[in-house]
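Single chain ahead, by itself, as structure tokens, in the form predicted alone.
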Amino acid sequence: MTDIVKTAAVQSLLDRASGLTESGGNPRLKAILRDVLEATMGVIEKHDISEGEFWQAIDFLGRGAGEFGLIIPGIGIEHFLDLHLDAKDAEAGRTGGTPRTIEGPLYVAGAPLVEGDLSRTNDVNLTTDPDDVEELTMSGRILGPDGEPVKDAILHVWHANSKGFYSHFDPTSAQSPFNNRRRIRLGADGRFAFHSRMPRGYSVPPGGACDQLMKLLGRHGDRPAHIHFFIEAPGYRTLTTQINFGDDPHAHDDFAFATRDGLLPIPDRSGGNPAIVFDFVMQRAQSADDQHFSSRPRAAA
């Protein structure tokens, strides 16, 4: 079949459609859109995608827009963004520290800010709702690249409840606002400790767009039990990461590809209820941008 994407007519169409023939607009967006359009046309041609198949795909994307936050990690793009940033760091000689991994779509801004200085307070309770499963405790330190305690850090923590639901996204509407969500201000020694109830892994909504896609790919939509973190501190690079519980059946088979070496602690159950001790290691900031979160749109209560 003729490679029409490289013909003068299609190349002219790409220039015009992406705005390259116009003086106004955003030059970076124009260049990116042109490449996206050319790649899409190349896929249509390579696989001889029919008109019907194309519009079925567009219909799927339209109906599944509310689940893009699940679909994007489910097809590996969010993990690829981490790998892309890792590669840029390696090229720049920035190594070490706790691995980054995907944020996921379920962070909510504005969680209560509580004091977590263990020299002055007890550990922080994340759970505000009754939950009859076993209590989980987690403790550790926030350290810099030379092992120094990170001062004035704020640890953002969020996780699902024992049914696999997150507050503010719970389809049962049973959870109170900010259940299992806190921002913890740490003391000068960088130590933290909190307790909550043991979270459970979850599956994507049954019958939803992401579930349909996973089934068509012969895959599942399950995540292991896990806890999400943001860590921010003056002079250090903001860290986005999460731990997967290493004894969960899906710990190494996470549909969202969030599993990374160094982020798989196994809860210690020798004392009864599960406990995790885990230290986070941050990189030093090299610019003001390093100390900010990405500009990703996030939910707010």
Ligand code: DHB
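Since the structure is predicted, the reported quantities are computational estimates derived from the model, not experimental observations. Residue numbers here begin at 1 and follow the sequence given.
Unshown form predicted together with the ligand; subsequent notes refer to it.
Across the options 229 to 237, 31 to 39, 52 to 60, 255 to 263, residues that bring heavy atoms within 4.5 Å of the ligand in the predicted complex belong to 255 to 263. Proximity to the ligand in the predicted complex, defined as a heavy atom within 4.5 Å, holds among Val204, Leu136, Ala225, Ala209 only for Val204.
None of Pro105, Gly97, Gly116, Gly190 but one reaches within 4.5 angstroms of the ligand in the predicted complex through a heavy atom, and that residue is Pro105. The ligand is not shown here, but in the predicted complex it comes within 4.5 Å of a heavy atom of Leu70. Taking the partner from elsewhere, Thr241 is found to have every heavy atom lying beyond 4.5 Å of the ligand in the predicted complex.
The ligand is not drawn, but in the predicted complex it has no heavy atom within 4.5 Å of Phe194. Taking the ligand as positioned in the predicted complex, none of the residues of 27 to 51 brings a heavy atom within 4.5 Å of it.
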